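One chain is shown next in structure tokens, namely the form predicted on its own.
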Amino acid sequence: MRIAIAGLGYVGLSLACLLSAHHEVEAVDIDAKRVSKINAGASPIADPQIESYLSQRPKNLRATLDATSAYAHADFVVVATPTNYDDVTHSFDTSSIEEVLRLVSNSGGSPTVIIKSTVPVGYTASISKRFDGLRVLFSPEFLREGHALDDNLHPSRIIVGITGSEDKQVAHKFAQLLDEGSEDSNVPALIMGSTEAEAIKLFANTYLALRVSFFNELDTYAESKSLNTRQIIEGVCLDPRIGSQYNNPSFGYGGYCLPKDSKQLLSNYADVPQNLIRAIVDSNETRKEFIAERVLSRNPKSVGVYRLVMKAGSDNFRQSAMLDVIKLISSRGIEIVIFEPTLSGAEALGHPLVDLAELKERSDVILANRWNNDLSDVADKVYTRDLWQRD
């Protein structure tokens, strides 16, 4: 089986590694440096298992800039390009997907296209009509940054969405490809309508955003009332119906998926009654404002930022809650200095980039969304809500 992967971020590159264990994979990207790095056996993203896999120089995996050739010879084209949320149009920017579909249409091949990028509810059915010469399916991904290959090797479920009954056979085939690469047995696999599959992705991530927001609001209450947040959360989460996962307070949910997916779902509710979805989106903004006010209440002249990334082990700070907290604090005229080793240059976001020693020296308060033992010697300066120091 020949498979082309369009887009080599966490989703695309982890799938390229997974599928190349049993099939020939051409991984397509528009970034020449990224392509060269992968072909040299190095990972352009932080993910230990991807790094290990690529270092072995897998013979069935090749990265390329030549999209047309890759698509022309493929049995499946998997689209994993970014779909950022546009706050003006209140929808995902799906232009990168449509560019791939145009290239596939003009390649001379006849592959089945599997959209893995997150899209608005109803998108696959709509785009299939525009590109009626292509068979287009949708398969949501459920991956964590920094653990993308591990999550593909141990999937919670495999879902493939179709636009017509004639797509069932090829949908089962793609589901089998993902199951074949898995290290687990009896992985639940569901074939359903593409629109329902799209809804699953948005509702799943919005529920996770809800859970983060709930424990953040619990923490806001406890901090405001001088209560022990950890004791309250431990007592609440011993209820087996609630459980202890996803309960560690933070500065707000962020990363690439939760902010944009919850906003997209809210947009899909435009003509449907709701209160909760709007509250999830608004709660995250309120939390960041609360964090900023707690820091400002210490009357600092200079605030240091320990890492912009959302979680330990990640190299990504897209939509990080820290970015908005920085804006809120700096708008009050407070000096901001930033320690972020993944960045180079003199400034980040208009603020000085400093090394760890200078961060500790110059800061009256140090913001750390996630604790690190590097800060142990200045613990009295650190403001964090990372109670369990685990994620």
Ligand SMILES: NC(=O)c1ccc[n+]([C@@H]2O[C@H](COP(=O)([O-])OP(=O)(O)OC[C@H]3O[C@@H](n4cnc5c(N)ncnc54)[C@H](O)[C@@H]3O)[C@@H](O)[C@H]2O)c1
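The numbering used is simple: start at 1 and walk along the sequence shown. Owing to the predicted nature of the structure, the values given are computational and were not obtained by experimental measurement.
Form predicted together with the named molecule: not shown, discussed below.
**Q** Given that the named molecule is not shown alongside this chain, does Lys360 nevertheless sit within 4.5 Å of it in the model of the complex, heavy atom to heavy atom?
**A** No, no contact at 4.5 Å.
**Q** Decide whether Pro82 counts as a contact residue for the named molecule in the model of the complex under a heavy atom distance cut-off of 4.5 Å.
**A** Close contact exists here: in the model of the complex, Pro82 approaches the named molecule to within 4.5 Å, heavy atoms only.
**Q** Report whether the minimum heavy atom distance between Val11 and the named molecule in the model of the complex is within 4.5 Å.
**A** So Val11 counts as contacting the named molecule.
**Q** Please determine whether Glu99 contacts the named molecule in the model of the complex, using a 4.5 Å cut-off between heavy atoms.
**A** Residue-level check for Glu99: yes, a contact with the named molecule.
**Q** Which pick from Ser117, Ser194, Ser262, Asn216 sits with a heavy atom within 4.5 Å of the named molecule in the model of the complex?
**A** Contact residue from the list: Ser117.
**Q** For the chain shown here without its partner, which stretch in 362 to 370, 31 to 39, 329 to 337, 52 to 60 has non-hydrogen atoms within 4.5 angstroms of the named molecule in the model of the complex?
**A** Contact criterion met by 31 to 39 only.
**Q** For the stretch 249 to 265, I need every residue with any heavy atom inside 4.5 Å of the named molecule in the model of the complex, listed N to C.
**A** Stretch hits, in order: Tyr256, Cys257, Lys260.
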